[in-house]
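Below you'll find only one chain, the form predicted on its own, shown as structure tokens.
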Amino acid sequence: MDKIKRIGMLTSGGDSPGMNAAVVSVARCSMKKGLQLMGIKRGYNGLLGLSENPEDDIEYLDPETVLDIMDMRGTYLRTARCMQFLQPEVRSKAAEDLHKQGIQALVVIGGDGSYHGALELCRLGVPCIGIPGTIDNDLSYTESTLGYDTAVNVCVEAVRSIRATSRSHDRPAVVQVMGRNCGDIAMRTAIATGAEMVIVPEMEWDMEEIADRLKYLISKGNTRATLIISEHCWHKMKPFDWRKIIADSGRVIHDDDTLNAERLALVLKLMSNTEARATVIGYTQRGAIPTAYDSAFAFEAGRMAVELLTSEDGQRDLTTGYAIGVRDGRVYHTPFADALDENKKKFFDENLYHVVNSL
């Protein structure tokens, strides 16, 4: 393979704090290595030339451009999901266009879907390096993903404020955090704030047990007990007719209404005879300024990405692509095939889960 002189970089999937810091790191390290860095806009969409103006798809990231985006919220390069990129012919055209523009490799920041796209480009002759950018922390090969620490800190700050108000009014709280199919944000928030209950997508849960626990806590004088729930945890609830509880109270409920944080709080209120209130923290978890940990991880990951692309180690096959992650507290890299191995399951600490729900 010819010596790499020009690389591209994109952010894909959901935005996460620290993406801009990683772009800055890659830009600075690229400049030191004599590489030209091109920023590709809106994820894989930018490879397809979907915008009316070429400048809206790709731009040269000179040092002056990236100087002020280190602590910027969101992602300077924008992000989007690209369903067209699932089509083999579309990926082939994208790889061909990259070669025509002289872009010899890509740095991709995103989650598992973004990694699958990068792996396909590797197979088409475009070496890719992946940086795990997702607040969910749902990738099995890495202990932490870019943005996860920031998201947890946002949630912890929010729950501390909510618990102060809950204490003032003697009201239990139901707080929903993000995490898709991974309960790491919920678990970390619960243990960091002293929350008395937590529900995550990894574990089956029982509405009656939650209500009984809340009643027990209240009977012991804990009138501001907090339940942290992870989004998309509803499918793990044991069969329970929660609609009947709401209907029997005289409130209107329809068969197609789904359970959510607000309705969960209402059911607990009716079952436990207490003024439970719900809060959904939402996108503030994504749009925060990155913590020191995420900023430092972004710097190390960006540096490693450039080192991998410019290394003269003859034993390293760039056509396989590499994913950067954290193992035993240290930043490392592993082939995409290993990072995306479906046989490797994300570790979840069930013992810690039971401790939180029993203390």
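Counting begins at 1, following the sequence as shown. What you see is a predicted model, and the numbers here were worked out from it, not measured in a lab.
Heads up, the form predicted together with 6-O-phosphono-beta-D-fructofuranose (F6P) isn't pictured, but that's what we're talking about next.
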Check: Thinking of 6-O-phosphono-beta-D-fructofuranose (F6P) in the predicted bound form, which stretch from 262 to 270, 97 to 105, 282 to 290, 84 to 92 has heavy atoms inside 4.5 Å of it?
Finding: 282 to 290
Notebook entry, point to check: So which of I135, I129, C155, I229 gets a non-hydrogen atom within 4.5 Å of 6-O-phosphono-beta-D-fructofuranose (F6P) in the predicted bound form?
Noted result: I135
Item checked: Contact residue in the predicted bound form, chosen from A211, M178, M197, A173 - any heavy atom within 4.5 Å of 6-O-phosphono-beta-D-fructofuranose (F6P) -> M178
Notebook entry, point to check: For 30 to 48: residues with a non-hydrogen atom within 4.5 angstroms of 6-O-phosphono-beta-D-fructofuranose (F6P) in the predicted bound form?
Noted result: none
